[in-house]
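Before any questions on how it binds or moves, here is one chain, the form predicted on its own, in structure tokens.
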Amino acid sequence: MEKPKIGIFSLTGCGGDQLMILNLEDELLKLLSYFEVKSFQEASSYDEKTELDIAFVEGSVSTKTGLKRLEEIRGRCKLLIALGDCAIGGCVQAMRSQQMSLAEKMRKVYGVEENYYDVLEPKGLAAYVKVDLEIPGCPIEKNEILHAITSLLHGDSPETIDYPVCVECKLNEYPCVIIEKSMPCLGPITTAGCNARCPGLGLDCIGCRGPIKDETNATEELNLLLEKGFDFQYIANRLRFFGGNFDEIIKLTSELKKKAEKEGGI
């Protein structure tokens, strides 16, 4: 029986998700022995252009060159997995999306016109191609990628998480940092899977696993944080940090921007 052929690729990102795979350490060599690794950008310069059973892609699509590469990868793989928040929704790179035009950003930062660097607005892979599975995180969790790979090896579809970090807080019996400490925690709208690491240390969740897809109630989060005394602009910036391309956050922060402009706040 032939081993499944896999490739691990990167577009625009920090490389942290590939690094987390390398950080599997003891499990990694045994795990990769079950596959034929045809490309692993951060581990080796070896890159065989061949048909793949599974392609893992981290990073956002932020250039036309990157989009062309993504389309080429999608064209030769059976399953495409978006690895990490950049590949899912643009992540930190998209925090200022919809806040100003791409041309304006290029002029402000580089003093050049918008197409000088072949740029696109940072977006997740699914904005351009079919994505079969998403593994959230900035970066991803080692155990989650291990579970996903072993599930795929056995022919199963990995479990997807559709509940918030708050659930893990309750399961671990952690005190709520919003209620107990009046901290601006984004746990209610953030995808679980980290075992509520930050609240467990008495810190507020900053939303690094991204908003819960199709279930993020940003308006309620806004109202909750307003009750705690945080101002509109602070909340908007916090919501955009990892969720700038999510529809409800776009709508909400757009309304906040208009309100602030009307009041002379921006």
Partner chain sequence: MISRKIEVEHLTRVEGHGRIEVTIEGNTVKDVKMNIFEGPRFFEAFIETVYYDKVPDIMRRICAICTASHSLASIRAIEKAFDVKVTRQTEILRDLLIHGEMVESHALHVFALALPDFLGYPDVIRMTEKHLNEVKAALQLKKAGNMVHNVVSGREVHGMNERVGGFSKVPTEGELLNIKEAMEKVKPTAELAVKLFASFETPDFAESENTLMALDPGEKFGFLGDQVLISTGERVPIERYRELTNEKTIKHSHAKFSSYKGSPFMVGALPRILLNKDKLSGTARELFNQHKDLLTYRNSLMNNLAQAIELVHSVDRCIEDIDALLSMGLRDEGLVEINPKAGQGVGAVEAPRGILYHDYTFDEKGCIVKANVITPTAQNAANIEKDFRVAVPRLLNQPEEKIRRALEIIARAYDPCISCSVHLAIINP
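Numbering follows the first chain given and starts at 1. Computed from a predicted model, the values in this text were never measured in an experiment.
The following text describes the form predicted in complex with its partner chain, which does not appear among the structures shown.
- The shortest heavy atom separation between residue 23 and its partner chain in the model of the complex is within 4.5 Å.
- For the chain shown alone, residue 246 is not a contact residue for its partner chain in the model of the complex, no non-hydrogen atom being within 4.5 angstroms.
- Contact annotation for residue 155: none of its heavy atoms lies within 4.5 Å of its partner chain in the model of the complex.
- Among heavy atoms of residue 141, some come within 4.5 Å of its partner chain in the model of the complex.
- You can rule out all but one of 72 to 80, 127 to 135, 155 to 163, 191 to 199: in the model of the complex, only 191 to 199 has residues with a heavy atom within 4.5 Å of its partner chain.
- The listed set 63, 217, 223, 50 contains one residue whose heavy atoms approach its partner chain in the model of the complex to within 4.5 Å, identified as 63.
- Proximity to its partner chain in the model of the complex, defined as a heavy atom within 4.5 Å, singles out one entry of 171, 102, 146, 176, which is 102.
- Shown here without its partner chain, the chain has 43, 44, 45, 46 in 43 to 59 lying with a heavy atom within 4.5 Å of that partner in the model of the complex.
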